[in-house]
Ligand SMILES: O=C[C@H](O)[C@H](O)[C@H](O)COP(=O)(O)O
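Below you will find one chain, with nothing else, as structure tokens; this is the form predicted alone, and questions on how it binds or moves follow later.
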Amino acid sequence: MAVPSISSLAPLADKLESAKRAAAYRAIDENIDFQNDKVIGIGSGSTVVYAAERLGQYLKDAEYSALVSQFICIPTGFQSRRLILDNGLKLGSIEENSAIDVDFDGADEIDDQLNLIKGGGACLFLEKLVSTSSKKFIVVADYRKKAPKYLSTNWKSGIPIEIVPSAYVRVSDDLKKLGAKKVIVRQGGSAKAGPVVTDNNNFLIDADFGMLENPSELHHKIKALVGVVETGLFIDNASRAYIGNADGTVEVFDK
């Protein structure tokens, strides 16, 4: 089965899903060197579903099958592990493959410098570990995730911060001293009594600092707090972003 061209695809019932698919498919088509890449990062989120799907299509194409079957795909959490397996791709681990050729992941918000807020899906530490271990980090998202200029313009849930559980009171107090307007330990909701627990058995704090004109400075201040494992501010990490628009077009932004 040949890989279908993007232009030949029938539109999905939901325009937003069509936008996500167009961005993810193009990102895969234009950023994988099938002859030389060996280790591929597969991130988390609704748009990355289509990136894994596109790789699965290449796996079924006679021209690419032998090459794609040798790719080692590195997940950033439970969801991405399932995406890799469900599309017939080879599952690997960051422990065995610390050098990654290219990583594909989504974002909660993207500013005009390709800085990101990530962690809405509670996978931020592994997402940052994989993306910073990659030669190229490619972001795939839909038009809602693009900030006009500064981070926290559209994303109003605060900066996700992964913390050691026993430090949640101390870190919450310290974040307020840094200027956070609102600090919340993320709860599991109706399906769980108590906080969300990450894949690393940590808690998550969502801290609202308002619009971020200098996300790099804030990242470093938060990261220096005792008890903080990682922040959801991804600074100078992404090399390119593919943004799917409602009309089916895709905008590409380079660092």
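Just count from 1 along the sequence shown to find any residue number. Quantities reported herein were computed from a predicted structural model and do not represent experimental measurements.
Just so it is clear, the following notes concern the form predicted together with the ligand, a form of the same protein that is not shown.
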*Pro75: heavy atom within 4.5 Å of the ligand in the predicted complex?*
no
*Any chance Asp174 has a heavy atom within 4.5 Å of the ligand in the predicted complex?*
no
*Evaluate Gly92 for contact with the ligand in the predicted complex, applying a 4.5 angstroms cut-off between non-hydrogen atoms, and reply yes or no.*
no
*Can you check whether Lys146 is within 4.5 Å of the ligand in the predicted complex, heavy atom basis?*
no
*Verify the flagged residues Gly45, Asp105 and Leu124 against the ligand in the predicted complex: is each one within 4.5 Å by a non-hydrogen atom?*
yes
*asked:* At 4.5 Å between heavy atoms, only one of the stretches 112-120, 67-75, 176-184, 93-101 reaches the ligand in the predicted complex; which one is it?
replied: 112-120
